[in-house]
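The chain that follows stands alone, in the form predicted on its own, written as structure tokens.
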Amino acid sequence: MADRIECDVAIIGGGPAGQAAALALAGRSLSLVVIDEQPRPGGQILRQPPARIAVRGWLQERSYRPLKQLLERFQALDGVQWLGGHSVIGLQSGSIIAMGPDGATTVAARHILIAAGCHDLAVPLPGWTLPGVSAAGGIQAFIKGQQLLVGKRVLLAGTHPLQLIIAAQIVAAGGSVAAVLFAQPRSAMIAALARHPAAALRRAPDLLATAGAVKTLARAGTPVRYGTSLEALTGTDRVSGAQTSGGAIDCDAVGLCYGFVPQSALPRMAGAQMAAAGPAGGWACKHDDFMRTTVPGLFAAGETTGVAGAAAAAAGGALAGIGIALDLGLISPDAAETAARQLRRDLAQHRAFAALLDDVADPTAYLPAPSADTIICRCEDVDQASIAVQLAHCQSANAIKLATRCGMGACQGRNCEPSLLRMIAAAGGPAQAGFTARFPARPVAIADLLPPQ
């Protein structure tokens, strides 16, 4: 173990939620530490290029402007210790272990905020482990960070409307999109919109941005198909095509976009109560009106509390900052309630829009069917048939993990857990909390945890 840092408040995550919390706590004579896996703040939504690289026209779309303003305010703060390039591998009340380029650092804090974001839902189907197949969010990260394209002819497939935005960004970066496939029919998406009229009206600019992406794709000659499901990906050394319900499509890269699940390993490790997240699966951290979790001194905000987008994350982060200031006695209860009132209204409205998106993009009826030899846990190469055999004997996620090693790999079950829980549910198994979260949350060498010689 290398360094030890003591501070008043530690924030895990440098995205909109973490930035907003830091701004809410600024100027109160507190020592703040912000920890993030990326070298520079911004989170995945504002993934910054490396400091030595300038990207012309970086994220100039109108929807990014408020977030870039928030980022500028955060970066201008004095007195915030930024631990970029550090992964939090352990968390308990009042204490964090973060792994960085110089080894492990222990951060002791009176209060801790988890704002760890989310990740793409992993969707096993035949051929999904071929090189060239990735989560759509990964493709977008390359474009945002350095304007890099992952292939010459990219296919996007899934149920989430974000794939339209990503496809338009690929086109704008000079790439070619083979097609954008929605597994659900367009009529189902329109019906879902109609079930949330108030949220749709309030967030009309966001819906218009999606319509703008469709126009961009139309000008580029990119087909957008609805009611077309992905059945298998083909290729030898790399993906070269896709079999769909509408026929074969040639491509050299594929982005899967069926939804997003919260990063939940850290609050689960700390013992916080969780609840089932959206239709894509995963777990959201329970919290009160000031974003306190059920663990004393531990707060949560952003996608950790449920995937709802950057605006909701910023509102929740600011609420958490006010809550921490209240618990530290730096603000009166009346002042805290006054400061929180509008933020709570904002958060409720953003979550209403997130519910609309969940309805529009619900993947549960459209997920591709894995074959017997489809890998479910790609870290440990556990296929569907191996898990199916165990399901005949036990229907506990932890028991199947012990029997097959599904969930024991480098990702600690982040990718395979939703698939396994769906298989257990399909076999008639009981609802359950998934894998028991264990230290470390990220891969780490044992030598990095030992005392220096």
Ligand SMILES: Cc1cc2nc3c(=O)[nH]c(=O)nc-3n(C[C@H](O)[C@H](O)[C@H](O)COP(=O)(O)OP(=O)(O)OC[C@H]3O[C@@H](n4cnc5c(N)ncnc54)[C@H](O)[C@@H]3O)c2cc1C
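Residue positions are given as counts along the sequence shown, with the first one as 1. No experiment lies behind these values; they were computed from the predicted model shown.
Form predicted together with the named molecule: not shown, discussed below.
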*So which of Cys377, Ile170, Ile322, Ala310 gets a non-hydrogen atom within 4.5 Å of the named molecule in the predicted bound form?*
Ala310
_Given that the named molecule is not shown alongside this chain, does His196 nevertheless sit within 4.5 Å of it in the predicted bound form, heavy atom to heavy atom?_
no
*Is there any non-hydrogen atom of Gly278 lying within 4.5 Å of the named molecule in the predicted bound form?*
no
*Would you check, heavy atoms only and a 4.5 Å threshold, whether Arg442 touches the named molecule in the predicted bound form?*
yes
*is_contact(Ser87, the named molecule) in the predicted bound form, heavy atom dist at most 4.5 Å*: yes
*Specify the contacting stretch among 44 to 52, 22 to 30, 402 to 410, 421 to 429, defined as having any heavy atom within 4.5 Å of the named molecule in the predicted bound form.*
44 to 52
*Those residues of 109 to 126 which, in the predicted bound form, come within 4.5 Å of the named molecule by heavy atom*: Ala115, Ala116, Gly117, Cys118, His119, Asp120
